[in-house]
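Given as structure tokens, the chain that follows is alone and in the form predicted on its own.
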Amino acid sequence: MPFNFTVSPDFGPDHVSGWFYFNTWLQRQLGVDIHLELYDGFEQQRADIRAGKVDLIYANPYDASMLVRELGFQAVARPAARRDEAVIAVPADSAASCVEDLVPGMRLATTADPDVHTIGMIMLESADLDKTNIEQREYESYVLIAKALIRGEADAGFFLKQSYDELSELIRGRLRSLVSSQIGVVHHALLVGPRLAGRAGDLADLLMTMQDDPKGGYVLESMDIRGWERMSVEQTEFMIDLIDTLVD
């Protein structure tokens, strides 16, 4: 039976092929069968995770908490020099030039990505806005949030900064960023589940030298990842505690 691998649905659509290349590279390097399953949204992915259908995952910080503390996953590595930040953006023709220009009753477009949503809501506090005085609508992806802003269906939207930066120039040119968070210690991570735990060390060793392998370097480029850094138990616990504090 092959192991099952998945990726947090907040990755950019331009990198779909990169994750398939990565999966193929992993199979050859580890000598095991791994099936890659990509999801359109968070709800079904989380249901399958809880049903025990995932053995390896490139997870967002919020889901890392569930995976590690409830399901026995362990973090292996994180992408080098990349941290997760949130962006609040508006349509390019919006009258708002800063967060404080947003007013009660404004229509917010967000996703089911809790860490990005939570960071975004914290940034809205400077405008005295919270869930009691704004309208919120949840979308399946950041691309759909961008479209909602462009169509005038929302006044502001929350984005994972990486996803915002990866929007096409045409789409991004019709939006405007008001603010970006600068937390610096929150990031995605590659985690292994109990069935694959015995290969965690081998996987970590492979990832640390991936950029030195010609094929591995090509795969990293296709994923827009510079390389990997080892992730210790202490680093994992610190990030999870921070996310839990923000969400609570």
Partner chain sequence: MSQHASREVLIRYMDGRERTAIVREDEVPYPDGKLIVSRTDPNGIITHANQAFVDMSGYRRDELIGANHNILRHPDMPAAAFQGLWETIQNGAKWQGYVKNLCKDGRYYWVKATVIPNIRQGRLVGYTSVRRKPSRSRIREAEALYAGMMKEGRHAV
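Quick caveat: nothing in here was measured; it's all calculated off a predicted structure. Numbering follows the first chain given and starts at 1. The term rigid core refers to the maximal set of C-alpha atoms that superpose within 1.5 Å between the two forms.
Another form exists, predicted in complex with the partner chain; not displayed. Remarks below refer to it.
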| According to a 4.5 angstroms non-hydrogen atom cut-off, is F238 in contact with the partner chain in the predicted complex? | yes
| said: With a cut-off of 4.5 Å between heavy atoms, is S181 one of the residues that contacts the partner chain in the predicted complex? | reply: yes
| Taking heavy atoms and a 4.5 Å cut-off, does D128 contact the partner chain in the predicted complex? | yes
| query | Is L71 one of the residues lying within 4.5 Å of the partner chain in the predicted complex, judged by heavy atom distances? | reply | no
| Which of these residues, I134, M123, A77, A112, gets a heavy atom within 4.5 Å of the partner chain in the predicted complex? | M123
| request: Quick one: from D165, E153, E100, E140, grab the residue that has a heavy atom within 4.5 Å of the partner chain in the predicted complex. | output: E100
| task | Determine which one of 44-52, 181-189, 57-65, 199-207 lies within 4.5 Å of the partner chain in the predicted complex, judging by heavy atom distances; exactly one does. | result | 181-189
| Rigid-core frame, C-alpha of C98, shift of 2 angstroms or more between this form and the one not shown | yes
| said: So, superposing on the core, is the move of L178 at the CA at least 2 angstroms between this form and the one not shown? | reply: yes
